[in-house]
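One chain follows as structure tokens, the form predicted alone.
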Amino acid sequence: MKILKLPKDKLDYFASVVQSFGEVHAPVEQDGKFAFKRLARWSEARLDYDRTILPPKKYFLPPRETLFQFKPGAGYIPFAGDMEKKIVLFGVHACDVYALNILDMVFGGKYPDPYYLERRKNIAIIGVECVPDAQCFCRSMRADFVDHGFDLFFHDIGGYYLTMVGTALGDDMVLATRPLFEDVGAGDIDEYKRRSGEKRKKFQIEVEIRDLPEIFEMEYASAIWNELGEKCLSCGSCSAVCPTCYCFDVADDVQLGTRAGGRTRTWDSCLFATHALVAGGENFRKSRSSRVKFRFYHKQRGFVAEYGRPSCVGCGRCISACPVKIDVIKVLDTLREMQHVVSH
């Protein structure tokens, strides 16, 4: 991996040149919150944001997309949509890059998803280091630092951004603006290490995940799931804002009065009452408590068994989004601290 540094006062010029690689999208402030949007001008970008409402997932797995169209006599018609559009996603935090790496395993694994993979190929990722706030626990989930999944990654070292070049595309971006970048010196390395140590101290939340899957197994019948089921509204907000939730539904939309239409994919949630509903009316997770339990178990137990790590990256979005204040941290801490009365 090549490491260079970019003067902060040259960032505007760098961003203007990067536009030749695709539409530049970055976090923009709206009503006190932040969202990734296409920039009308670079001054709109807010690289000092805490977290966006929706994660970058929305670019790779859109909330609603047409997979293909169909028409009598013509059969199935491929629908490319905007999959081939070149985009530069500027200002992605490490936890969200890590989340994309998780989605890469899911959609690029045994059954590759061509729609996701085509977008992944055409969307460049420029990461930016963040400052943890009161809801961040990405360090506990080992997602506060990434060494792949991005084209460039900027680390703040004062007057410069220490720049990690992660791919050939990132190298092309550097070459296109090479006079802006400088070689890294010993002082820059020391400053990076110092700031990295300071960042570790700023995390206010720590979660022990070492034996969490085993604890989940032991607490499968715990009363906590009924308590959470009583609170949960099954609104799916936590799934929508989660950078690694990937459940979707597929349906055929037929044009009224015809046999033509399109097959669409939309975001789904394991918390929806219809998520486990099958033909004949059987619902394998009819109660809200069973759906809440399934979501926690999939992220902290099932995903570990399949891929070797939890699918949670500690971004804190679900804590902010839940209208009834179900806090994943408190749930995990409660499971670990629960005491059981032993009868003799």
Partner chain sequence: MLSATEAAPEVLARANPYQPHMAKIVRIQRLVENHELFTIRFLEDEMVRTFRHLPGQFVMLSIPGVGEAPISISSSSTRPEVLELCVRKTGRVTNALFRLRPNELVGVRGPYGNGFPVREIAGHDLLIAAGGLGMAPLRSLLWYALDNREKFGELILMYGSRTPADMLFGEELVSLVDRADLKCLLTVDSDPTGVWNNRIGVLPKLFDYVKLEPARTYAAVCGPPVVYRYVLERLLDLGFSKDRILMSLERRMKCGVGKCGHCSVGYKYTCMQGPIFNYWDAINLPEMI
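Positions refer to the first chain, counted from 1. Just so you know, these numbers come straight off a predicted model, no measurement behind them.
One more form of this protein, predicted together with its partner chain, exists but is not displayed; see below.
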Is its partner chain in the predicted bound form near all of 68, 85 and 252, within 4.5 Å of a heavy atom of each?
yes
Answer among 44 to 52, 294 to 302, 312 to 320, 26 to 34 for heavy atoms within 4.5 Å of its partner chain in the predicted bound form: the stretch 294 to 302
Please identify the residue among 247, 224, 184, 218 with any heavy atom within 4.5 Å of its partner chain in the predicted bound form.
247
Among the candidates 144, 191, 129, 113, the residue which, in the predicted bound form, approaches its partner chain to within 4.5 Å (heavy atoms):
113
Can residue 229 be called a contact residue for its partner chain in the predicted bound form at 4.5 Å between heavy atoms?
no
With a cut-off of 4.5 Å between heavy atoms, is residue 79 one of the residues that contacts its partner chain in the predicted bound form?
yes
I'd like to check something about residue 280: if you look in the predicted bound form, is any of its heavy atoms closer than or equal to 4.5 Å to a heavy atom of its partner chain?
yes
Distance check, residue 158 to its partner chain in the predicted bound form, heavy atom within 4.5 Å:
no
